[in-house]
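Quick heads-up: it's one chain on its own, the form predicted on its own, in C-alpha cells.
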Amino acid sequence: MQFHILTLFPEMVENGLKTSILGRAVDRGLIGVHAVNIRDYTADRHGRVDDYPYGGGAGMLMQAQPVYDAFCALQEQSAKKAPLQEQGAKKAPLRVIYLTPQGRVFDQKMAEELAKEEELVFLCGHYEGIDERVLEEIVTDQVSIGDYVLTGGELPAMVMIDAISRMVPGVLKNEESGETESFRGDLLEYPQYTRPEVWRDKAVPAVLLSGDHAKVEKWRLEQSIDRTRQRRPDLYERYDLPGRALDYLKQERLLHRDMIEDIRRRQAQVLAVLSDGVLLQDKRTGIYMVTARNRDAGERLLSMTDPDGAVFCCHQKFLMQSVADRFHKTRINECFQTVYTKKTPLPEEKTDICRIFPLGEGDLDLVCEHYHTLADRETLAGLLREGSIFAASVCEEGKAQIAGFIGTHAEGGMGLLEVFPPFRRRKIGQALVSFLINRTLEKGWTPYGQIFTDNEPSLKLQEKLGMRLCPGTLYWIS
C-alpha cells in the first residue's frame, strides 16, 4: 500500500513514519511512504506558497496553484508506476484526504475502510488553510482526528497512516493484533500484564495464570465491557446493540415477539436501545418497529426516524398517537399478535383435504385478485419470487383447483391467509396455517402472526391451533 503526503515539511513525516514497526514495513515493501514538497512547485523565486486571503482576516492562506501542480505531478508518477497491464487503461482516480477540523472524524471503522485502498494521498494544510478552489478540484475526503486545531496537517496524516498501516496484512507480526486491540466491536481493550507476577504488592489476576483459555477469554470480555462502560459511555451505548435490545424485549416476550424475531433472523437494524425502549428498522422493508414504557422515551426514539414514506409498527397506543400527530400519518390498523410458543410441530391435515405447494411470480394476478390488505402488487411479487406464498389445491370433479393461499410477510410474520368462498368450512385454512407453522419451526424460528382486531374467524383459528394471544394490541401506521 502506498501513502503519498503533500506537505510543506517532508522531513517531518518521513522521519516519523520510517521508524519502528512502520519503518520495518517500509523496508519489507508492505507499505510505501512518499512525501512531496509543495514548495517545489511554486513559481515564486523565494519559495512562497501563501498569500493574504481575499476579504481580509488574520493569517495567510496556502495558494491553489502550487498544491494543484504538486498533485498533478504525483498523479502522473502514480500512473507511470502502474502495472504493465494497466498501462494505457484508465486508472481509477487517487483518493485524496484533506486533514481539517471540519472533516468527518477518523475512527477505527474508517481505518479499516481506507486500508482496502492501494494508494492514498494526504494533503496537509498550514497557516489558515488552503484556497477552497483547489480543495474542490482534487480532494475526495475531508477528515479530522478530533475537535481541536493543530499547526498543520502533518501530525494528523501520520496518525491516520499509522492506524491504517496496522490493518495491512503482514505489517504486524501477530495477524490478529490489528483487529483485536482497542475499539474493536465498540469495546475498549482489556487490561494486560507481563512479568513479574507481583510488582509493588500488585499481583497479576489469577485467571490469567490458570491456563484455562475459556476462562481467560470470558474475563477479558468482562473487563472490556466494564472498562468501556466506565471510561467511554459513548462507545458503550453502541456496544452489542442487538444483544442489549433482546435483553429489553425479552422482558415481555409475547408482546415483542415480532421485534425479537426480526433480530434473531438478522433482518433488524437496531437503531437505539434506551432504558425504557427500543427502536428497530427492518432491513428488507424499511418498517420501523418501536416499543417504549413511556411517552418521553417514545418521543426520543421517534426523533431518530425518517418519517417520509415510512411505515411504523408501534407496540403501545401512546406511540401510535405520537406517530399520527407528529408525522401526520392517517392510515392506522390495530392488530392482535399471536405466537406459537411450542417447539413441537403440528399434525398436518391429511393429503386428501388439499395439496400445498409454493406459488410463483406467474400467479401474481391470482394473489392480487384475492388479497387486498396492506401489501401492494410490487411487494406481493417479491414474496412470490422468494417462494414465500403457498397455495392449497383441491381436486374437484377430477380437476385440481386452487382453494386458497397463505404466506410469510417480508418482515417475518405469518399472514396473507385467504380461503376462497367455495372452499370454506372444509379445514383448508387450518391446513394452510398448520403447514406454515411447521415450515417456520423447521427454520429454527418462532411462528407469529398479526391479525386485524375485527378478523374474529382468523383469530379463533390460530388460537385453536395453539397460538397464544399476546397482551395488548399493535398498531400499523402508514
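Residues carry their position along the shown sequence, with the first being 1. None of the values given here were measured: they were computed from a predicted structure.
Below: the form predicted in complex with a small molecule, not depicted.
Heavy atoms within 4.5 Å of the small molecule in the predicted complex belong, among the stretches 288 to 296, 150 to 158, 274 to 282, 401 to 409, to residues of 150 to 158. Contact annotation: residue 387 falls outside 4.5 Å of the small molecule in the predicted complex, judged by heavy atom distances. When the small molecule is considered in the predicted complex, residue 143 lines it closely, a heavy atom lying within 4.5 Å. Although the partner is absent from this view, residue 100 contacts the small molecule in the predicted complex, with a non-hydrogen atom inside 4.5 angstroms.
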